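In C-alpha cells, one chain follows: the form predicted alone.
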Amino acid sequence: MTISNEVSNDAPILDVRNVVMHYRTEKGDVSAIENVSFSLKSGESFGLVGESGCGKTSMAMALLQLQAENATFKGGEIVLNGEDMLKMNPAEVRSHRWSDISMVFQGAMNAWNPVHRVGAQIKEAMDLHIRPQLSHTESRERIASLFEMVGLDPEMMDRYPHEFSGGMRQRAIIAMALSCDPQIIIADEPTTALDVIVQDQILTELKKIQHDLGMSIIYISHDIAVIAEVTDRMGVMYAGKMVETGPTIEVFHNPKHPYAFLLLSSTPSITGPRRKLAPLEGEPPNLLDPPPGCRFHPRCPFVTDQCRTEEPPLAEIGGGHRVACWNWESVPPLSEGLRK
C-alpha cells in the first residue's frame, strides 16, 4: 500500500494519478472519470472547473472514497501522504477521512439534521475521528473556537439548523470540515445558493483560514470567477477528463484548450478589456457512449480529422501549463476572441 517510506518536503501531499472511475448502470458503464491526474502541495489551493456533469464532484467523492455504490475504479492511484487510498480497506480509509482530508459538500445548507443541535452534530464528527477522544468540555471549547474562526457567535452551537441563515449554515459546515484539523479541505461549490455579498464573505473566510492554518484546499465550481479569485493552480475538466491544467493566472490569461477558451470567452469581465462574448454552443456528450478521439471535438471550432479519431494526451506546453489538444497553437489570445 505504501508508495514510499518517506515523503519529502517538496512532494505533494495529494497525488492523483491516472484515475479511471465508471458508474455501472442498466444501460452500461458511464465513463465518469477517465485518466485524471493532478497534485496538491501543502498550503496550496487548486481549483476544478467545468460544466455540470463533467466529473468534478465524482472526483471529489473519489478522493474521500465516498463514491456511489455503483461506482467502480478501473485504474489509477490516489496517493495521500505516500499511501494509495484505493488500496486501503474501509477502516483505513475512515482513519484518514475527516482527520486528513475533509469536505464542504455541495448543497451543504441542507446537509444538517434538523432535529439535532448544530454543535452536537459537529461533536459527533469529532468523537468519531479524533483520538484520543476529547472530553465534553474540550469538545465545546473546540467548537466555540471554530465558530469564532468562521465568524459565528459560539452560542449558536446550541441552536438548531432552522435558526441559522443560509450563510450561517454554510459557515457552520466549514467549521465542521475544520473540526479534526485536516491537511486538505475539498470545497464543492461552497457558495451555491448564496447571494454575491455572502459569497464574497465565505470565500474571504476560507482564504483567511487557509492562510492562518497553512492547509491545502481543493475548490470545485462551475463558476469560473470563483476559481480565479481563490486558487493558485487550476484544472479544467470536460466529460470526465482533465483537458487543461496550470497556474490559475496563466490559464485565465492564456487558455489553450478550446473548451477553456470558450468558457472564458463566454464570461464577462469587469476589469479586462471590452470584447464580444462568444457563446459555448452545444452540450457535453453522453458518457454512456462518449465520442472517439477528443471528447470535445463535436463542439470545437478548431476541430480537425485527427481530433475525431485520436485522443490527445495532456502535454506540457511550458511553465507547468498542460493541455490535451492537438491544435492548441491555433487557439487565439483571449483578447481577440473567436473569429467567425
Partner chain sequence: MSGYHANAFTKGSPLGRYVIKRFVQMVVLFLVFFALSWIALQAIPGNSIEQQLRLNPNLPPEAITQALARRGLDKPPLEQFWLYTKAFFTGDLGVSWSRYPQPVSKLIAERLPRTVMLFSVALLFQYLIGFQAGKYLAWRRNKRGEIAITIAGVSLFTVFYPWFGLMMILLFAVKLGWVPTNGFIVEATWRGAPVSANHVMVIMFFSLLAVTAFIGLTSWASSRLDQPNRRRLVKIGAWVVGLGGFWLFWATNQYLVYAKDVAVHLVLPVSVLTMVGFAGVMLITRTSMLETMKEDFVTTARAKGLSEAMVRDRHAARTALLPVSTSLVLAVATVIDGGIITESIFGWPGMGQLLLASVVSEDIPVALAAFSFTGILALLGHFAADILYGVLDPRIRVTSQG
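Numbering follows the first chain given and starts at 1. The structure displayed is predicted, hence computed values, not measured ones.
What comes next is about the form predicted in complex with its partner chain, which does not appear here.
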(message) Gln133, Thr137 and Glu155 - do all three of these have some heavy atom no more than 4.5 Å from its partner chain in the model of the complex?
(response) yes
(request) Verify the contact flag for Arg233: yes if a non-hydrogen atom of it lies within 4.5 Å of a non-hydrogen atom of its partner chain in the model of the complex, no if not. (result) no
(request) Look up in the model of the complex whether Leu287 has a non-hydrogen atom within 4.5 angstroms of its partner chain, and give yes or no. (result) no
(message) Even though the partner isn't displayed, in the model of the complex is Gln210 close enough to its partner chain, meaning a heavy atom within 4.5 Å?
(response) no
(request) Consider Asn110 of the chain shown here, and say whether it contacts its partner chain in the model of the complex, taking contact as heavy atoms within 4.5 Å. (result) yes
(request) Name the residue from Leu86, Met149, Ala125, Met215 that puts a heavy atom within 4.5 Å of its partner chain in the model of the complex. (result) Ala125
(request) At a 4.5 angstroms cut-off on non-hydrogen atoms, which residues of 86 to 102 are near its partner chain in the model of the complex? List them in order. (result) Arg94, Arg97, Trp98
